[in-house]
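Encoded as structure tokens, the following chain is the form predicted alone, with no partner shown.
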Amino acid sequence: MILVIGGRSKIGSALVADLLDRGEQVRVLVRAAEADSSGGLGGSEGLGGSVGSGGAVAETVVGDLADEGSLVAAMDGVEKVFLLSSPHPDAVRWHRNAIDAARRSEVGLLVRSSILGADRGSPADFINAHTECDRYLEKSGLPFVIVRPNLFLQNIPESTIPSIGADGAFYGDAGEARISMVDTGDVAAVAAVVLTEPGHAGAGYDVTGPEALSYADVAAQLAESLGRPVSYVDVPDDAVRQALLGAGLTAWFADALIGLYQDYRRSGRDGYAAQVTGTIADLTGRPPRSLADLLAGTAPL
């Protein structure tokens, strides 16, 4: 049995479907409110579409990362755990709870979704929190794998495209940094491999897309895809912060996002954020999805 924590996320839902297709028994942790909103446990509606191609459905269990006892109960009979959570001020405590619960439950492998750059340390809150969690896992005595994906390609259609104004411009604070953005489905595919195939315990995998793109590069690809002029305009952090707050983000989340992009700017055109790894091809046997693939709605052969 594999427990997926974070099964409602894009990575988590794709992972659950992949694991079911591989014939694995899957359990998904959901909060009580999520279980109530789905009309009960066990149905596919509560899993954000996480159903195998053969119609298999994951089991669900109520629990909360803030409650270690509920995690221990959720891990009853579980051999492996995938751990992912949304960014949150309490994320480090939550992940420590899950790691402690896995240790108490004598789980055979814990795979944690981290972030590219967490192995080097950073003043950015997003990255530093992952560094703390990764170090805690490494010292826990549990067999583990750490998966470190770069920024998600899905941010482009979900956030960037809707922000393009009538003049064709979108705004950000990435400077000239190049980022090897990665598709969430590819991250899930890597996680499925390390959860189901032997020989990965103790590994840390940097997971990137096939190319490093600046936001000027993104604008050029969007212009070609959308068939109209698109340009990227770099603006100060304060302007971005006001825009994020105006969009309803909390002050913590807005500042954390700005800190992340400050780190990307420090990385520059050829730093850590621009690295392109062969992890996806090496582990899954297929090339990573590119921005062009995503915009065209296709996957590479």
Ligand SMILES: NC(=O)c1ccc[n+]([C@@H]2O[C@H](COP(=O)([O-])OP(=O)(O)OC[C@H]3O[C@@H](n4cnc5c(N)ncnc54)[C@H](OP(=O)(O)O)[C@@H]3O)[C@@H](O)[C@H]2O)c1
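No experiment lies behind these values; they were computed from the predicted model shown. Residue numbers here begin at 1 and follow the sequence given.
Unshown form predicted together with the ligand; subsequent notes refer to it.
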Within 4.5 Å, heavy atoms only, one stretch in 161 to 169, 72 to 80, 96 to 104, 114 to 122 touches the ligand in the model of the complex. Which? 114 to 122
State yes only if every one of S9, L84 and L151 has a non-hydrogen atom within 4.5 Å of the ligand in the model of the complex; otherwise state no. yes
Interface residue in the model of the complex among D237, D255, D234, D64, criterion: non-hydrogen atom within 4.5 angstroms of the ligand: D64
Which of these residues, S214, S225, N128, N155, gets a heavy atom within 4.5 Å of the ligand in the model of the complex? N155
Do R265 and the ligand share at least one heavy atom pair within 4.5 Å in the model of the complex? no
Does the 4.5 Å heavy atom contact test between V26 and the ligand in the model of the complex come out positive? no
Can you check whether R31 is within 4.5 Å of the ligand in the model of the complex, heavy atom basis? yes
Contact set, 260 to 284 vs the ligand in the model of the complex - heavy atom within 4.5 angstroms: none
